[in-house]
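Only one chain is given next, in structure tokens, and it is the form predicted on its own.
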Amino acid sequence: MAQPTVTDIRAYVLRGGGADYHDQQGTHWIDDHIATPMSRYPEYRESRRSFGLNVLGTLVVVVEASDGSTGFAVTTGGEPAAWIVERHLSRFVLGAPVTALERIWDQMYSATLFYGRKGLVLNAISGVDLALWDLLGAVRQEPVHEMIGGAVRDEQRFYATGARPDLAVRMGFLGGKLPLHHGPAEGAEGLAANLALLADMRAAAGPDAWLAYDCWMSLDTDYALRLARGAAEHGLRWIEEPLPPDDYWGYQKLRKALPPGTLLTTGEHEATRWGFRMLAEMGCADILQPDVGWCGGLSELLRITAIADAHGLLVVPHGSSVYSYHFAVTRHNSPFSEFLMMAPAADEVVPMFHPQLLDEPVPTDGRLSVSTLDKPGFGVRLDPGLPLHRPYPR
């Protein structure tokens, strides 16, 4: 029986929150003096928006099939990614059977090798791939998690990322991951402040709560080791992405030197099976954290998790809401997930990609039932009232 084919693909952009969750206005914990690679410059230390973390905005990819079905996905990338989708990637999608996900992915990746491989181009490829999975689910009237093998558990547990792990624990989360506020350029005083905040959060969250530090590529090996050693007495569960993502050798060295019981995690800004193969084979991390909207989409995430599983590593995707939930519930090496606390004060559970997605599920008491994902595709709708802009129509 002939499969429907893809008849249209469109790329839109949006500003403000949602998939580009750093694009916030006003006071928000996610933009409050957080250590970054730019923290060595005092003028860019107080706010990540000051150096342009929110310049891209959200990319929305919409695909349509010959039977009238539609699919969509949101990720980051904004206008540059929209251009790539419309003017380059579209040729590999239009006219293809809705089931041709492997061929489409390979053609998109191979055709962009000369200017892609990682970063913005992989964001664009990820957006297209996720939209095609959503479309296939609509055609088959089947949730994505069923199409990739089915759930291996009835519910998914979560930890929370935000400024208040103590509140997260009270909401039922396993614990919390704090943003690191002070980097090497702020010296011994900054390091002491980082450790003091962790001590306060341990006292407030209790002895059994998970506590971790998200370092967002801001440290060097020496500082990361001093931070981890000082944090060990406060039961730090892991130190996340302390080094630049391409410093595989630094991660390898750091992991060997960490205090017993402290894990090293990274991968949020890594892409493709080849990048994660480097992390796995060089022993760079205990937990890999690909973002399904950045690493190459769901098709590539499935390849990445196979590499991780073969090396005995956990895969706990970075944020990404329903796009990672459908994946995680099907994998034994993804036993828990991250939830980004997008309330400005991290004091309540709100949908991560609000206001862009409708019907977006959120954890209750730190848990998400697989039954809440039992809708076609990824199970969410794009808010029809959004001010979508298509900057590069074909």
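In this text, residue numbers run from 1 along the sequence as written. Not measured: the values here are computed from a predicted model.
Unshown form predicted together with a small molecule; subsequent notes refer to it.
J.: Specify the contacting stretch among 19 to 27, 369 to 377, 6 to 14, 382 to 390, defined as having any heavy atom within 4.5 Å of the small molecule in the predicted bound form.
T.: Heavy atoms within 4.5 Å of the small molecule in the predicted bound form occur in 19 to 27.
J.: Is T161 close enough to the small molecule in the predicted bound form to count, meaning some heavy atom within 4.5 Å?
T.: Output for T161 is yes: heavy atoms within 4.5 Å of the small molecule.
J.: Consider W216 of the chain shown here, and say whether it contacts the small molecule in the predicted bound form, taking contact as heavy atoms within 4.5 Å.
T.: Taking the distances in the predicted bound form, the answer for W216 is yes, it comes within 4.5 Å of the small molecule.
J.: Going by a heavy atom distance of 4.5 Å, is E300 a contact of the small molecule in the predicted bound form?
T.: Contact check for E300: no, nothing within 4.5 Å of the small molecule in the predicted bound form.
J.: G137 versus the small molecule, in the predicted bound form: is there a non-hydrogen atom within 4.5 Å?
T.: Output for G137 is no: heavy atoms all beyond 4.5 Å of the small molecule.
J.: Just to confirm, with a 4.5 Å cut-off on non-hydrogen atoms, which of L340, A65, M38, V62 contacts the small molecule in the predicted bound form?
T.: Exactly one listed residue reaches within 4.5 Å, namely L340.
J.: Answer with one of V329, A346, I34, L357: the residue that has a non-hydrogen atom within 4.5 Å of the small molecule in the predicted bound form.
T.: The option sitting close enough to the partner is I34.
J.: Thinking of K118, R277 and G293 as one candidate spot, does the small molecule come within 4.5 Å of a heavy atom in every one of them in the predicted bound form?
T.: No: no residue has a heavy atom within 4.5 Å of the partner.
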